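Considered here are two forms of the same protein chain, supplied as structure tokens in two stand-alone entries, structure 1 and structure 2.
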Structure 1
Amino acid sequence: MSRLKSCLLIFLALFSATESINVEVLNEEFTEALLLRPLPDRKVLAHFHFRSSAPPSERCGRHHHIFPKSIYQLVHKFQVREMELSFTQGRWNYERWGGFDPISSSNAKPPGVELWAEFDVPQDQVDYSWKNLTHALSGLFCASINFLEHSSSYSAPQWSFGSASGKLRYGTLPREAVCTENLTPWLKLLPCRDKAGLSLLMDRPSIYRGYYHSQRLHLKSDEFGASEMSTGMVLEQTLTVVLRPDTFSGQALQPSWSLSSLIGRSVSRKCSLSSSSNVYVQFEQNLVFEGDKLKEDGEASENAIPVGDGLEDNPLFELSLPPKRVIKELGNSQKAGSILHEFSVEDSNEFKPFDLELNWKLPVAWSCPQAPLQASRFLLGSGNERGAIAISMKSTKSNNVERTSSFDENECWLRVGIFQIVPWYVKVYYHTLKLFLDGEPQSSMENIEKIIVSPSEDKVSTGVMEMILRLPCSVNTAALTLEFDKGFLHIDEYPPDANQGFDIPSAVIHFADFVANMSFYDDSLKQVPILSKLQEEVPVVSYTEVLLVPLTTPDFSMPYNVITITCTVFALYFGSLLNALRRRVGEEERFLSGKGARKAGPLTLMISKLSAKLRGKPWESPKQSESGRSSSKYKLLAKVVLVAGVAAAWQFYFQ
């Protein structure tokens, strides 16, 4: 009976332990989603979204089953409140791919590496935490992020990134090359890695063959707050890729595509640790509007219905699989909203993989929603001494943007924020700031609402400019210019490819009165992470081009030539000097006498011996004459004098 009780107690203990583990696992959550969107220039946007969340450590402990341990250690060791890291190859085309939607505002990043982080540490420890964080991320993602550790490589924005605490640091590496060495550690943070789920679609050749790709990691934590409403840590991993299908059905038609033809793979199994795995196909607002016009104009068949109401009789396209549901966005008074078709991959397996296909029926042309102003940046001037940076903004006259605050039609202003950092060797004169509206020069102070300037310091800190412009809503073009001088670098500070030029990181343009988000009829969609993310109000942000500034570059072959000729002269000098000092005169005389004796032939020796015998004198071997001895001494002295003269001339020339 006692054995039965002990077995029962052990069984209850194991059952309670498994229940506690299950409760802890339920507190953690992982979701994955893929959003596909046709683009007007015959390309396709693929946006992967992975979200991992973990409860606060105070309530559920420090051990996690789904949340990556390496990220948890970064958060607690360096006390990171919020962080975003992106690896980008290519540049987002704001004119063709859009600039006024949540994906472009949040996932269109500058080329190279961009990192910003906000810490929950005292003010005097922020720079130290930033330095250690860059080293940890550099080893974690196999990148050169540790180059951002020096104060001349990062800055401290005041308000451009939504934080005014003074504990935020920002840095970028425009020339950082992005390859599979950065993608593999990024995939290891996923619970199923690339072995199951939507991550199976991440075929390396297909991704790096695209026109644009950006892998992003955004971390938000309130682990160090004393509030009971803390949510713990949330990690979002996104991969945005712009691909072009290999199939073409005609010059006018959009190319039809499928997942296997677009990416090269299909989903054969679901990630068992994911609570939801969905694929969404989004048709933008302007595309839906063009489809509705086809019905009204009678260009489609008589039985055609609007784009979002069906599949078989759709006038524009045909999907190979029926969607799980169709989600409609709230539109405005002029146009209907965009439409999302939701598909589930939970039933996919190796015998029936998920491979969605889209076929176009009619040619259609549309445009993506644009930001109020399209910004670009370029250099002015010539030569290696001075120049100017120009930021040009052109109105897009978009009718589909709505302001968040009410404004008077007679006094309408457009607030544009500009954040720009320049390296210390580009010495910007901020007092030369000039503003042009529609080609006419304007007073800068009348149109600048707020500005903060932090001049650069040689080899210590970068130059930072943050400003908010107040432009009239009727403006067509606006331009901003700043003059600068080009500095000089020490020869050790030049990179290996110095003749290519030096990069000035992209400027950040944000519109304070505009937000990009989507609104749906059903409020329950906020429970879906990717749809909840699309409904968040994010500021409209765009990045300018990376500038390539040529600096005065020395002739790196001249040091090689100087070193070569110097080594040659010193070799001749020391070689001759050592030869002259270490040579023994007695041995040389004996060598010369022996040489003279060897030169005498046998007939001469025999005659000399016979003559000595006839005269009754002993025979002596022939010796070197005194003239030969004196000539050898004179030669040795001449060599010493010559070497000393060369040394004196060399010393006098270089003094």
Structure 2
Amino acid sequence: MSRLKSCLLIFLALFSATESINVEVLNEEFTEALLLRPLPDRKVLAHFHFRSSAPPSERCGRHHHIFPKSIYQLVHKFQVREMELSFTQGRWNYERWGGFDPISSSNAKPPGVELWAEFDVPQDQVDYSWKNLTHALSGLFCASINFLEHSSSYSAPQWSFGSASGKLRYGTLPREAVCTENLTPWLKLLPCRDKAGLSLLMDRPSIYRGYYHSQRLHLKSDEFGASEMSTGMVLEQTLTVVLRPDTFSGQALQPSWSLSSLIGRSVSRKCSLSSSSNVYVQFEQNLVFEGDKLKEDGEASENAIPVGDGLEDNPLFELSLPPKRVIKELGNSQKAGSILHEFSVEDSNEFKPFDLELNWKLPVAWSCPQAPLQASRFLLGSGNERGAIAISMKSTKSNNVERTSSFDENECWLRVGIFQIVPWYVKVYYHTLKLFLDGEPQSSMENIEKIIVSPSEDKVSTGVMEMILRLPCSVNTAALTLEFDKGFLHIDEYPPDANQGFDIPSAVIHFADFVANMSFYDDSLKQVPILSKLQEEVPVVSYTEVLLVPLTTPDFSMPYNVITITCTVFALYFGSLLNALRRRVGEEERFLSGKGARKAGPLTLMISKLSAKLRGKPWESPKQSESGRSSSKYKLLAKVVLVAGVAAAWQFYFQ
């Protein structure tokens, strides 16, 4: 019997082993990539992209070699269909770093933690799953994501985030501090951690010294849908940092940098589990345009021999390594698209680490592509009573507007979606919504295409406003104001450091008609995950600033004072109340008249008797009592004087 059992076990083991091998052969896959891009303000964007995918477990079992088990369990336990978690420090500078490319649209995140997740559970269980998910993530990433558990901290957007299934929940923690303790668990999800591959570059001091730092985890699974079409789970981990090269250069020249000088480390070997590990250097459209212009000018002036479009002849910069290939983006009619240089780290080793260098040859200035409108949000008014939130959007005059709207001028509309969460203690009056276009207040709601408002409920839910504005393309500025009253919190609802003020999470501005994607000449490039990601059509999204609303805060040392004052008041009140209740006026009068006889104390009584005897007079009590009282008064005075005199004498004697 036992032999049979062991045979069965061996068989089972073998079977599962073969199956897992099959899976690996099928499509459990891990890739890594790093994209570097020089930014106009002398900084460099580094965008790490890791992607692990696992086939659907229904077909291929539940054991994975590469795909992190914790994420798999998360997906299965809470039936997560799609989820995105980001930890961000610093602000993405839309003005200088651009807002119209795939990287800024999907990787520029609000400061702190942002989490949204869509579940594949019945409608009534979504909130339950969300709560559990926040707790699980909180433990997984060493962050206080569990504060998103309460219904007054998350919301259910209807259409602003992807699907309109109603099973999506969204929450942010603007004040969450991001630190290495969040990065370490994030790195643990990678098969090679930070021991090999591109993640070797993640030198903590240089990463956190950057101007912007956002680690993101995007999870997508269609495990629970139609099983035939299912592609399994895809986990995308990206880390976007903006660094400033330390190398000094002239005033006008962009700083030259190398990977090792920028980050402080270099890659010595690829992660052997990854199927591709590439480094890309991207030069933006406008930079390429400038370069081309310069080249043409140079050719025109010097009559130089035209050479083929290699790298070496680029007048602006030179790269230390020859690229594996050069990928060109499809441009528009006026300008050529941006250029990606691909490098592979596969042939690097301990002795010859991969180190890329970029040297600028000529000073150049360019600007990044901008979103059609640049949004900023600020508070109006001061004081502790009321205020207003204003979202101001300014046209960047980028040619994107004209490009996408090919209609005639009358029909050209710019659709702008705004998603705004407001905590309940900021009581927004949505009827005060005012819209100004080019300084003119718009009376009717004709510019609002669609709006959903769910007002906040005290201590229960946040206020959510989702709207789509329809602005004429020629608009220069649009401003939106919403007035609010500042509420009061209960004393134990104040967070630590309550005097700092309270945060209103970033508003999300999305431009529904615009998609930020790159399209390449070569369709085969879709095989490479990062390139396919760049080609994916993502809507242009930008986040506004987090606002700090100063609310009235009590003096937290006050409870002590309040307790003492209250106790005093209570004591006085009850004392006088009891006194009034206890007192019987008639009896008291009788008592007082009777008391006249027995007023004096024993000592005075004795003294008065004595004096009466001495004087040889009969002793009379009432008079005696009077004299006794006065004598006791004198005595008290004498005692006080005596004590004071003794004290003074003591003082002088011992000096």
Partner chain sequence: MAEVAAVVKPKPRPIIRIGLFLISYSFLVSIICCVAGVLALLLLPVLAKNTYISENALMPGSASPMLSSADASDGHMFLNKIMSQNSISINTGIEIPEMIGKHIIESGGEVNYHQFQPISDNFHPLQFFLGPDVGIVQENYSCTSYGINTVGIVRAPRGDGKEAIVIVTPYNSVKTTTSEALSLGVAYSVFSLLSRVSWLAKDIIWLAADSRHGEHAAVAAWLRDYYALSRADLEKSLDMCGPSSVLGLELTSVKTNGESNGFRRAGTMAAALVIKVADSSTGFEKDGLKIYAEASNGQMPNLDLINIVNYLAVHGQGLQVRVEKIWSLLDSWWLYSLGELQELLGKVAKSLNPGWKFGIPASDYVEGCATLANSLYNQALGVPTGPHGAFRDFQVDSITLEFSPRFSSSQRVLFLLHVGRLVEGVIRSVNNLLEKFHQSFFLYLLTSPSRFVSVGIYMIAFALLIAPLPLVAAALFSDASKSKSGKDEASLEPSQPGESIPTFTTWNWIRTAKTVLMVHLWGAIVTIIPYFLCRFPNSSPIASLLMWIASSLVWLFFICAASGSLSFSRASQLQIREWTLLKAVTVTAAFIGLCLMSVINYATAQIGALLLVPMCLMAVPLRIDLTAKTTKALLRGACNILLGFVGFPPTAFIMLKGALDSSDRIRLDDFWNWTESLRAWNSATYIYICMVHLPCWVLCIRILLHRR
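Structure 1's sequence is the ruler for residue numbers, which start at 1. What you are looking at is a predicted structure, and each value in this text was computed from that prediction instead of being measured. Between two forms, the rigid core is the largest collection of C-alphas that superpose within 1.5 Å.
Between the two copies of this chain, it is structure 2 that is the form predicted in complex with the partner chain. Core-superposed comparison between structure 1 and structure 2: the CA of N476 stays below a 2 Å shift. Relative to the superposed core, N561 undergoes a Cα shift of 2 Å or more between structure 1 and structure 2. Aligning the rigid core between structure 1 and structure 2 leaves the CA of A644 offset by 28.3 Å.
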